[in-house]
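To begin, one chain is listed below as structure tokens, in the form predicted on its own.
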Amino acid sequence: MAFDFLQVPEQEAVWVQATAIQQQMVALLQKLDVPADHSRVTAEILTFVSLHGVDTHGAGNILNYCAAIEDGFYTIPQRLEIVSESETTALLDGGNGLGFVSAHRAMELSIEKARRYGVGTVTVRNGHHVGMAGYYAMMAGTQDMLGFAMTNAVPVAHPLHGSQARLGTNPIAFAAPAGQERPFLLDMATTTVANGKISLARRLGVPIPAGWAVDAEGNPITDPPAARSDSWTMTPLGNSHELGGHKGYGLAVMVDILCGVLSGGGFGAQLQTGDNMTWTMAVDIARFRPVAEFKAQMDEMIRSLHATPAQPGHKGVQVAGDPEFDAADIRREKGIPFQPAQYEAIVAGVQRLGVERLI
């Protein structure tokens, strides 16, 4: 699994079955007046993310969303509204509610349009954190479609050669189904690393590699910062011009355009903490060629990549999505690992809200 040094040590972890934590999250959200269908969608996404090893974006964050609801940061129940629409496009207002709900509906609409017209794309304004962008891309992938999902965020990264943050981590996700092989699932930040990994390193008390973040003078920092400030920024993917930093920088701006400018919700520097605008697209493979033929060729390509001789010191070549699917294979049986303090905090939250304990 990528970044093994950021994983909760197995001997210290509290393991919880996926069905149990999912039901617990539904109960917590419904206690806070989140409608049943919105609670189900949110809990399902957070559980999927944790099952697939992306702990920085998964079920361990449920209390953060609960606190935002209790503080009135989210509008609950939220009202999703289609602001404008054509056969293949739509602008969706997320109603200042849970980002999972609005992004999920955006991809549903994209899939519905793709099924009718071959392609569908929806951009979301007035939205919030959507978690793992790859989940929404996979929604299309499971329907024999190509899936794209992106989301922008408040600035944490500098433009190449800049000394102040102007861009979010602005992840890009793409999913394509295969036949006998597992799907191709690319889910990447346009920064050198996702912001959540720096936060996780801080919680685990481990240093971060040089190159993930720099101080205001551009010097690498290895002590993970406690909070966002003007004293440090994350680096664009590639970090330097010589290593392709202009590509990560350009991709981050592209995400801001598709998510923030196209929706009118705002690009990174215009967003407030907690704001995230989202863009989704689904493409019906059958409009190009028979799906079975596409999947068979995907299998050939994936097998070819896996068969590439590995460099010395490496176990083998992986394809995007392999680490996540490997984690899911293990966690479906063993459960989802939580840091003890994180688990205890969720239990305390359950008790405080007077919800039945299910974990």
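What you see is a predicted model; the values in this text were computed from it and never measured. Position 1 is the first residue in the sequence shown; the rest follow in order.
The form predicted in complex with a small molecule is left out here; the points below concern that form.
Select from the listed residues Val193, Leu251, Leu109, Ala201 the one whose heavy atoms reach within 4.5 Å of the small molecule in the predicted bound form.
That would be Val193.
Would you mind picking the one in Ala189, Cys259, Met281, Val101 that has a heavy atom within 4.5 Å of the small molecule in the predicted bound form?
Spelling it out, the residue with a heavy atom inside the cut-off is Ala189.
Just one of 330 to 338, 52 to 60, 290 to 298, 39 to 47 has residues with a heavy atom within 4.5 Å of the small molecule in the predicted bound form, so point it out.
This holds for exactly one stretch, 52 to 60.
Is there a heavy atom of Lys197 lying 4.5 Å or less from a heavy atom of the small molecule in the predicted bound form?
Yes.
Using 4.5 Å between non-hydrogen atoms, is Val124 touching the small molecule in the predicted bound form?
Taking the distances in the predicted bound form, the answer for Val124 is no, it never comes within 4.5 Å of the small molecule.
Should Gly94 be classed as touching the small molecule in the predicted bound form when contacts are defined as heavy atoms within 4.5 Å?
Output for Gly94 is no: heavy atoms all beyond 4.5 Å of the small molecule.
Hey, in the predicted bound form, does Gly147 get a heavy atom within 4.5 angstroms of the small molecule?
No - in the predicted bound form, heavy atoms of Gly147 and the small molecule never come within 4.5 Å of each other.
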